[in-house]
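One chain comes next, on its own, written out as structure tokens in the form predicted on its own.
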Amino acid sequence: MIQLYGLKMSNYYSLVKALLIEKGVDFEEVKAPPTQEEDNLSRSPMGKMPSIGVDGNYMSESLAIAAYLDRVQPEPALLPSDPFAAGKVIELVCHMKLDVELVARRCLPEAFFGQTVSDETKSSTQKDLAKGMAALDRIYVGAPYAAGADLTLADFYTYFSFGLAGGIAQKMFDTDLIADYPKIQGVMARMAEHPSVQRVEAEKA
């Protein structure tokens, strides 16, 4: 059985949990906050969450875990069988992670943890978010799913990345991050009704 380490508050923990449910893989949740303690670093070298344990071996980073799950449990497939189409899904995921979600995270301490970030950080974040959203929109299909006709890994990243990034943008800039992006809105609404995502959300309480 796979052990899933982390906290339910993490969007990436929730994403990996949804993937495990989607794949029908047996797993157990182990509460493990992000620390620099050695036991946590042995599972996740930067001390982040989530990580998984498999027969005494460990893996971190949601994209790596997703790739592993798609190999140990091929159905339902979350990456297309066509190599180029699979690459396009990963391209979408990378742009969401690097150009939107990680950009928004610059303001996470102030948005949700009562700390303060500089005006310069706020300004650069708002500017870079707009640039990242415009870039993502160029390759985002959203008809009906993020990468086209079929549900893929990019749809799960859409839901859990924009859940966080959108919340930060709303709090920091009073902005609906996806207001001008109907394709992303559609996928967000569709994924909110998806069974594995609904279970994750229900079990957060």
Ligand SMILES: N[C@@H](CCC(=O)N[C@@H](CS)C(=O)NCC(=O)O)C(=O)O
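Start at 1 and count along the sequence shown; that's the residue number. Source: prediction; values computed, not measured.
Heads up, the form predicted in complex with the ligand isn't pictured, but that's what we're talking about next.
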{"property": "Stretch from 20-28, 7-15, 193-201, 180-188 whose residues place a heavy atom within 4.5 Å of the ligand in the predicted bound form", "result": "7-15"}
{"property": "The unique member of 70, 150, 137, 61 whose heavy atoms fall within 4.5 Å of the ligand in the predicted bound form", "result": "61"}
{"property": "Contact test, all of 95, 106 and 131, partner the ligand in the predicted bound form, heavy atom 4.5 Å", "result": "no"}
{"property": "Exercise: residue 34 in contact with the ligand in the predicted bound form, heavy atom 4.5 Å", "result": "yes"}
{"property": "In the predicted bound form, residue 168 touching the ligand (heavy atom, 4.5 Å)", "result": "no"}
{"property": "is_contact(residue 50, the ligand) in the predicted bound form, heavy atom dist at most 4.5 Å", "result": "yes"}
